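Here are two versions of the same chain, shown separately as structure tokens and labelled structure 1 and structure 2.
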Structure 1
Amino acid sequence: MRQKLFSALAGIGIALGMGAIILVLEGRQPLDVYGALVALSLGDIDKLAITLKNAVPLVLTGLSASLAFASGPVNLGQPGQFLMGALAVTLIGISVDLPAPLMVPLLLAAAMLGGALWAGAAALLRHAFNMSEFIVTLMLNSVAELFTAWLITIGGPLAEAGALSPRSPAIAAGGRLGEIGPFNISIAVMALAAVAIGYVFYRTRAGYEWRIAGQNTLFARLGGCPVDRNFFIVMLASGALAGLAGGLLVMSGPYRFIRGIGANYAWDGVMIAVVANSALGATVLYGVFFAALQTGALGMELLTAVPSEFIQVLQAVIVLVSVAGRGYLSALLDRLTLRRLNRPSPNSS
């Protein structure tokens, strides 16, 4: 885990260095550009709060993908599971009106259930017909996108009456997440979810079985691990995290299902999981870092005249450096560790 985290940090550092070279070649001042980026995303508590709120869907969809990849299943259905979680929150939120202490947990459970059921459909098809979850989850993304778009199309069954654009009615006030100071409550929910899944994955027997299956399914099966049952559980947990991301987005604003609500959050989450090499801690780190880049991009363009597309280039460089250099960094760390262990003790004669 420490090695993966080091690779994540090294990838960020190298990518920032390469970005600085690009800026110099363009006649820009890297320190001014990066300074503006940091100031606009992390410069004060209000900007930090915005960055962390923007990180919520990235971190949760990234954890969804990382959990699956590290445990064996190839779940690429985060976009669809995200939408189904958001849809579940919307359906319950416009149908039920309860006080916030009851409404919020109900909607969070609905979000996780919506994502879990959508991922569970792929797991069930894998079990019943040996269909690849890789293909099925990808196909279900399109089904979820088209289905939810039809629901909120003007005149559709979930469309808000009189609305000029495709959207649902707003959820009840009791289900809307407010702020604690400048920080939206969705940030706390994200942190609790990350801690909970990290504890299960690294500190429990079930998590150990998941990690073993992710490294070698045959070894796990021969060792007595219930591989098929764990496959179902991991798919459900992975889908629940993606669904939670969609639900939190609705609950923290815009409080309704709108066209394009999924944006690229889920695919960015998958990219983050790949860059983090499926390490949960590194996934959280990269999720916050990418959120900071995206949050500060527009203001950076206004202050420094550097196009916001530079951030997309920087993200691409981070992906390339982190993935391509992963093997080299791991080998370098192994050599340094061996050299340290083989170093003669100062007290030896």
Structure 2
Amino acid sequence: MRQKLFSALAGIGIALGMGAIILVLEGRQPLDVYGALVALSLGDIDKLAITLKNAVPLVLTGLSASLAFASGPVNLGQPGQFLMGALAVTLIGISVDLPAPLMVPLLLAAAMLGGALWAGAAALLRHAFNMSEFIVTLMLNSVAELFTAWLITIGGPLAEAGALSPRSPAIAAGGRLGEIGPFNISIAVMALAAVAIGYVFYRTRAGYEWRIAGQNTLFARLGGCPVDRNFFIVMLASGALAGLAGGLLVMSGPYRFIRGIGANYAWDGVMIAVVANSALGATVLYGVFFAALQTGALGMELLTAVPSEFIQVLQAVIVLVSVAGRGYLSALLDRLTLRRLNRPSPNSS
């Protein structure tokens, strides 16, 4: 555990170092830039609240990917499932008007259902025709993106009348998530979802079967696990998490479907799952970490004139270095530990 933490921190450290080199080459002060990044994402309680709110879609799409990868299915459809969750919330939100205690659970369920159905379509194709979910989910991403873009395009069936930019009407007031203090309620929903999926995954028999199947499908099958059914359930749960991310984004932010709503989170979920090595706890931590980077990026641009796109490069470097370093470093640490243990202790002999 300590070793894992060490190699994760080392990976981030090396990546930040490489980022600093890029900044120096461009004639900037890396310490100022990183300082601004931290100050504007974690500097005080209000900024922390914004970072956590921005972490909601990252953590949930990350959990979606981690859950799938760790259980076997290669679900790369988070962007599409995210959009379908957002769409479901928008559809229900503009056509139903209930008081908040009923409306919020209804919309959350709709978000999860939207994402789960989109992932379920891929799972069904895999189940019935053995079509690789890896490619199907990818193709469905593009289909979902174009379909939702068509719905809200000006003059489209879901477009707000008279709007100048492509967007849907706003959802009913009962479905909007406000703030408790500085913290948006969507953060609590995210935490609840993370705890729930963590509990199922690590503490129940179903989760045990998923994990076994993720490590060795054949072993799971021979051990009597219903591998096909579990595949289906995992795909649905994974889609539901991504859909929830999209739904929460609509409910806590613009309260409507706007163009490009999921564009910023397209690959972030997969990215976070990959860095976290598909461990759910690490996924949450990395999700918050990347949210802090992205939140700080905008402020960094204001303070130091470094374009916020720099963070995209930095993120990719962090992914590459920490994943490559993980294998390399743990081998190195193992060897060092071995050498220490083999060294004859002064008390013996």
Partner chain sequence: MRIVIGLLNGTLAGATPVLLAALGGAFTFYAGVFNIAMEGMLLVGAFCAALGSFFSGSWLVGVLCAVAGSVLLSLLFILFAIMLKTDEFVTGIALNLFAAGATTYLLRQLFGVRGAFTDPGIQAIPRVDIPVVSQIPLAGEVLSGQNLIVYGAALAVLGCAWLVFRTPFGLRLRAAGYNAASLESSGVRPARVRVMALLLCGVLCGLGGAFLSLGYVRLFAEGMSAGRGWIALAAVILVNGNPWGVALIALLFGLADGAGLLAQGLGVPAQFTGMLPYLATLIALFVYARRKQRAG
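Quick note, the numbers are simply positions in structure 1, starting from 1. The model shown is predicted, which means the values in this text are computed figures rather than measured ones. Take the two forms, superpose them, and find the largest set of C-alpha atoms that agree within 1.5 Å; that set is the rigid core.
Annotation: structure 1 represents the form predicted alone, while structure 2 represents the other form. Note on conformational change between the two structures: two rigid parts, with the smaller rotated by 16° relative to the larger (from C-alpha fits). On a core-based overlay, Y34 has a Cα shift of 3.0 Å between the two structures.
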